[in-house]
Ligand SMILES: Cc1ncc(COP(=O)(O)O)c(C=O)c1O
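Shown here is one chain on its own, the form predicted on its own, set out as structure tokens.
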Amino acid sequence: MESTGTTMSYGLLRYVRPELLRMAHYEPVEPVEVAAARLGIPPERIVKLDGNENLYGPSPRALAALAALHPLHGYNIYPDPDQLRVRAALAEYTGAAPDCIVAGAGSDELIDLLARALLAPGDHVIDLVPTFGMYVFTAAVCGGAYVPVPRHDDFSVDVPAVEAAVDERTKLIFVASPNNPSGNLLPREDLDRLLALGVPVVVDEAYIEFSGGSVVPLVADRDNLIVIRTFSKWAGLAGLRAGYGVMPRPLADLLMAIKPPYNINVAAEAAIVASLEDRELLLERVARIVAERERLSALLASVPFLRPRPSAANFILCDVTAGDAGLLRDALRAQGIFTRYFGRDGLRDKIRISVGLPEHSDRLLATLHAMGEAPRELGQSR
């Protein structure tokens, strides 16, 4: 009897690593067009405040650079596997040496490359929860053992608990600064204590342009410090997947050797270089987003059932002090306003709101005040 495609697929799964079949999937944000169609709302009515994207979009120079790519002398030719132009531009921006920089398809690829380079099966990855979900996801895919160390109630790192958790199998400590989804920075004294443990410490600075205080200058003097950054947030290039890492040269050389040869496509390469040439405008937009963050925080504080937390990023985490946070997310979605609800320990009574344009903040606040209170029962969120 001939096997069906379904039977063949199930048969193939017996060759898959068993732990991958059991692992939880990463939950990305839903595309606007998909969500709008499902909700029956025109896409232009969606206020997208769930993905921490930069709603000002790419810089004009980046858009011009993309438009200038010739169909027969750009898109059909492989990009530079050595990333020479990109690494030189990033070196000028960060002050790091070009050979200490590795570019990737978003900072997600740098997380993956580091895990593949440093983890053997069963090696420990310390994750300072709650935080960005890609650390535990990538550790699982690469066969690492996930070691969660809960943060304090104010989302600061419990450094003594990290010190107690480190053992001979610890190969990576991931720490986001500013942390996602809480928005708080890692103090320098905490970083020094983490680095003193001697294991590789990855500081994820995806949102650092919104706060300042990068630790990239420390990499030259610390042989276990790695910093990863992205163009998704400050430069509006989330859709092109453009990120990079700054690290000691021996590790950078290794990552350049094991990465996919052409991991930065020609469009991302052109947009990275052009964005850095247009940084003055982009940083002006960053300043606008920071100003709007502070305005939005004050507005959210006027909502009786919300308590916004301080943030050094382009989003605000809010405690839902009355009602159900998940149902509040649903009620806002029904009105075309997307926010992020995580539904896991430490975050079940919270929603995260990205900072958009001023008109987005105004519509959000009008909707929240019109509710009067956060939904408490399923029927109230529909």
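A residue's number is simply how far along the shown sequence it sits, counting from 1. All of these numbers come straight from a predicted model, not from anything done at the bench.
The protein also exists as the form predicted together with the ligand; that form is not presented, and the subsequent description refers to it.
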- Which one of Lys259, Arg241, Lys171, Arg293 is close to the ligand in the model of the complex, taking close to mean a heavy atom within 4.5 Å? Arg241
- Message: Counting any non-hydrogen atom inside 4.5 Å, which residue from Phe155, Phe137, Phe132, Phe210 sits next to the ligand in the model of the complex?
- Response: Phe132
- in the model of the complex, Asp108 touching the ligand (heavy atom, 4.5 Å): yes
- Message: Contact with the ligand in the model of the complex for Thr230, defined as at least one heavy atom pair within 4.5 Å: yes or no?
- Response: yes
- Query: Does the 4.5 Å heavy atom contact test between Ser182 and the ligand in the model of the complex come out positive?
  - Reply: no
- Query: Do Ala96 and the ligand share at least one heavy atom pair within 4.5 Å in the model of the complex?
  - Reply: no
- Item | Partner-facing stretch of 200-208, 297-305, 116-124, 273-281, counted where any non-hydrogen atom is within 4.5 angstroms of the ligand in the model of the complex | 200-208
- Query: Out of 163-178, which residues reach within 4.5 Å of the ligand in the model of the complex, heavy atoms considered?
  - Reply: Ala176
